[in-house]
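Next up: just one chain, as structure tokens, the form predicted alone.
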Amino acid sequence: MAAQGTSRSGLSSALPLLAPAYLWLTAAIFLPLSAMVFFSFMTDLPLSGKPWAFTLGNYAAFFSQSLYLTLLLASLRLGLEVTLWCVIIGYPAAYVLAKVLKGRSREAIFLLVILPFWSNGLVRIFSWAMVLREGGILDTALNAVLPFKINIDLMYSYPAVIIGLVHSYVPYMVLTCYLTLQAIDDSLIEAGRSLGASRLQVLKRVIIPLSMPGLVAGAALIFVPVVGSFMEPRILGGRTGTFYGTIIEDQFVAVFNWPLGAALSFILLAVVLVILAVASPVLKRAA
């Protein structure tokens, strides 16, 4: 009884602190999602002044047209590839930050890692457009160094989309892995080395298993938004940048078919939740 009274008093004292956050989450997330669920079952927007009715046709359109499934699979593949590249680039960078660099050098590199968060997403994307296009910064720099002339034009290509997305999301992998790597006691690494283990064995048997929670968290933070991304594919990919997220954007912005766009959005949400639910037992064992 005393424990229950203590927990209730603790909850009542914490309620004024929790209320603003939960009210904001309700207003900013729950209400818009509820409206989108409502719109996804309608033939037209009630705000347009046209007659409307409830229908399942918006969800049926996904299954009746193979284009949507093809683009969804392409977006899932894009999410996996970007996540993989973020692991390849971000994990070593996080290890160097956590275990190698010290003092001011660590602070300087850490500042460079979080620098993309300080600029607008569109600015970052158009900056890559200036670098990757023919006659751009990369093309000009290489031709100035190499004794022969080459033409580099990665604009409106799949690699350009990968580059832009990796640049946008690799800081998430660095930050999550850095936190877990920083928490690993250096004495564990030294103990493995003193027992005769090589650096590669210490990495495989000590460092990676203990830092797996950071890898899993970073992968989830990257994969979920990348699957529905549309800015980078639209600007850097051109015609080759048509993915599931760009189709959803078209329904809201160009075609003004909000019911279909809402239905496609919730199908994407359901697919991502299913993937995370299926992968959850494996990820829990790994973490």
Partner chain sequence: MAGVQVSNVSRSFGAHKALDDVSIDFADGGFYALLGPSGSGKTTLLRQIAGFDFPDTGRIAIGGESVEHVPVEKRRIGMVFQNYALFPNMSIAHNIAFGLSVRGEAKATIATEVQRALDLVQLGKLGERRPHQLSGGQRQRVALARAIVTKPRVLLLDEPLGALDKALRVDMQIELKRIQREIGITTIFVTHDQEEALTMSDRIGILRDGRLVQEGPPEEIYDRPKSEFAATFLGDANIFRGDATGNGIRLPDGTAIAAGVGDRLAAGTKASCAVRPERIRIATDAGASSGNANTLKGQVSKRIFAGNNSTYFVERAGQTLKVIVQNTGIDRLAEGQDVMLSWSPESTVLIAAS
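Residue numbers count along the first chain shown, from 1. The structure presented is a predicted model; accordingly, all values stated were derived computationally and were not measured.
What comes next is about the form predicted together with the partner chain, which is not displayed.
The candidate spot formed by Leu138, Val145 and Asn151 lies out of contact with the partner chain in the model of the complex, as no residue has a heavy atom within 4.5 Å of it. Although the partner is absent here, Leu80 sits far enough away that none of its heavy atoms falls within 4.5 Å of the partner chain in the model of the complex. By the criterion of a heavy atom within 4.5 Å, Ala197 is counted among the residues contacting the partner chain in the model of the complex.
Proximity of Ile163 to the partner chain in the model of the complex falls outside the 4.5 Å heavy atom cutoff. Contact between Pro159 and the partner chain in the model of the complex is not found at the 4.5 Å heavy atom cutoff. Shown here without the partner chain, the chain has Asp185, Ser187, Leu188, Glu190, Ala191, Gly192, Arg193, Ser194, Leu195, Gly196, Ala197, Ser198 in 183-198 lying with a heavy atom within 4.5 Å of that partner in the model of the complex.
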